[in-house]
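In what follows, one protein chain appears twice in different forms, each by itself as structure tokens: structure 1 and structure 2.
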Structure 1
């Protein structure tokens, strides 16, 4: 499964992001470094909502000398460059999401299996705009998170078990 996913990495997507980041670095007068390249290349090969720890673990496989500080610093740059969104579901722990096609979207989070799915609905967006307008408010951005449970209990259990197994193995 994870294997399968890894094989599906879209090299063009990764290249595109790398290029965009390089452009950003250039524009800001910052410097290109091996570490940053490793980190962003690793980041965009992963999918989903990645924690710093998860990313660092992967990054260390390519270069074990890279530490938390550099990963944090690079993630901040990625956020600043608008290539990545920072999310905080529930408590503390930040997660980072490299957005692909869908620019903006909201999230549904299953409290059982941890599944995070994304959705976008123009009527919802419009309604928010309308409500903001009624309150003399201008929206820059918003966040909407639906917490609940999958209705497909089988799939949900499967994911839950897999997660448990992974936690075991780690």
Structure 2
């Protein structure tokens, strides 16, 4: 039952994002297309930090005729609409984030396997607010990215090997 409720929440989330994007497209005077709808629906059902290539792989399962350029352009429209954030975690590859279990969060990035972990720490947030206040500064937004390495070397190696195998198969 709990999983059914979680799935329902996810579907409501997807529908909300689709509607918000449709409003954005209308305001810009652009057309709503089936291809864009497929890309948006697929994106908001995925979790994590998605690259263009990863999204394209998933989108092609629904519609093999959708190409890289269409996915790329749609992602940039999603960023422009403020429904998605574009992130570049140290190694240059753009990743897109639009769904998280917590609204605000920070990131830990493994420089060996590329794993990206999200975290939220209320003490860290409070410390940032205190520092801003002490320095007569108003924070509008912030981004914290911690770069390092996984402590579980076996899991890290498995992720590296899996990525290498996926790259060879691509």
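Superpose the two forms; the largest set of C-alphas matching within 1.5 Å is the rigid core. Small disclaimer: the values here were computed from a predicted structure and weren't measured. Numbering follows the first chain given and starts at 1.
*Asks:* For this pair of chain forms, which number matches the form predicted together with a further copy of the same chain?
*Replies:* The chain shown first - structure 1 - is the form that fits the description.
*Asks:* Checking residue 160 here: with the core superposed, does its CA move 2 Å or more between the two structures?
*Replies:* Result for residue 160: yes, a 2 Å-plus shift.
*Asks:* After superposing the rigid core, is the C-alpha displacement of residue 149 2 Å or more between the two structures?
*Replies:* After core superposition, the C-alpha of residue 149 moves 2 Å or more between the two structures.
*Asks:* What does the CA of residue 110 shift by between the two structures after fitting on the core? Give it in Å to one decimal.
*Replies:* Its alpha carbon moves by 2.9 Å.
*Asks:* Cα of residue 138: shift between the two structures in Å, core-fitted?
*Replies:* That residue's C-alpha is offset by 8.5 Å.
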